[in-house]
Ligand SMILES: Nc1ncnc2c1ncn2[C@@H]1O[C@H](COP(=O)(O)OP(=O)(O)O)[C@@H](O)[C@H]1O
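Only one chain is included here, represented as structure tokens and corresponding to the form predicted alone.
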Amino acid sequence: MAKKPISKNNQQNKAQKETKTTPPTTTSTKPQTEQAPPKKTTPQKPTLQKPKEKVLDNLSILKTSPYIQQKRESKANQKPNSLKELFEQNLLSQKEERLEIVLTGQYERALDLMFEADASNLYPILVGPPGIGKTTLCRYYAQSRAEITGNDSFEWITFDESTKPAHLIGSFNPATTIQKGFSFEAFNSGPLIKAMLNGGLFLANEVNRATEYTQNSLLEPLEERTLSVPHIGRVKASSGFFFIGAMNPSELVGTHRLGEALKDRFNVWIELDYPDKKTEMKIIEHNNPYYKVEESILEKIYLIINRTRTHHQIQTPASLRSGIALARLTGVAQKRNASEEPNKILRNLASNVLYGAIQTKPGVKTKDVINNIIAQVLGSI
């Protein structure tokens, strides 16, 4: 009889122990099973998330490009224009375009000389290697001159071996000539005639690339300020007509000797060379408004470009355009991947820019010279 109550107590004690022990076991095991998965996923794949923030694909780079974005914004909510409307619209915007340049050092002195020559009724000519901004300086002068005189007439032509006097003077429309004969209605005026009649500015760009035959067609307007138009007569330049010449050094390939008669017509000779370090870095930075690079990187870009001008195996060095191109590409590459080392970016892009920008001496491989210049500036790999 005494065994029964003992068994009941034992059962109750066992039940109480089970009720007491089971909750902690269940509570202790459940949090472990709930916390275990987060612990396994705590790495959160950092290597996959960081590249998404820093490395941009080609589509994103192109979509965010300010050169494309400006055009997209201007055309937003507009129906497509016809070719004629686009032509007229771009003609208007070209007239209203404001040109801003870096006016320091030799460029400031050259601009002053152009103003003084214009005031003295003398014709200047700019002489310097390609890509140093001779044409840009002349365009800026035309803009500044128009603000003073109120006459925005500016014509120019880039000469080469195929340029003929008719490209300067003009020509007759065959269909209209058949109907009306050799009259003014059938005549399509050339840029030189337009500048002379309007009393504007004419730029003879790269004039020493023209043949002697074409060069001689400039003698009369420069000396007499007149020009003979076949079948019509002799035209006299209006007051305010101004003539500027620009040419590359005579030792460059593709140039002709400037005839002595034409040479004597230019009264003011303005010699331009590659700008100094401070000026060139300013020009590169000015022409890279959207993809800014640090000054230390900008200095390395200048050193790479400048080294091509002193290398003994290079015949034609890199111009200012190469420095601008390298700065823009470097800025885009840094935007694509901000964590990439700048020296590595420059090393990869410099060869792409310089390969067609320089001309080595006969028998010298271009790639070897480029690798040598990169190693001198950035160090060997």
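Just so we're clear, the structure is a prediction, and the values are computed from it rather than from any experiment. Counting begins at 1, following the sequence as shown.
What comes next is about the form predicted in complex with the named molecule, which is not displayed.
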property: Thr136, heavy atom within 4.5 angstroms of the named molecule in the model of the complex; result: yes
property: Proximity of Leu320 to the named molecule in the model of the complex, heavy atoms at 4.5 Å; result: yes
property: Contact test in the model of the complex: Tyr141 vs the named molecule, heavy atoms, 4.5 Å; result: no
property: is_contact(Ile324, the named molecule) in the model of the complex, heavy atom dist at most 4.5 Å; result: yes
property: Answer option from Gly240, Pro129, Pro165, Gly259, heavy atom within 4.5 Å of the named molecule in the model of the complex; result: Pro129
property: Residue among Phe172, Tyr274, Tyr107, Phe159 with a heavy atom within 4.5 Å of the named molecule in the model of the complex; result: Tyr107
property: Contact stretch among 303-311, 98-106, 190-198, 222-230 - heavy atom within 4.5 Å of the named molecule in the model of the complex; result: 98-106
property: Neighbours of the named molecule in the model of the complex among 284-305 [non-hydrogen atom within 4.5 angstroms]; result: His286, Asn287
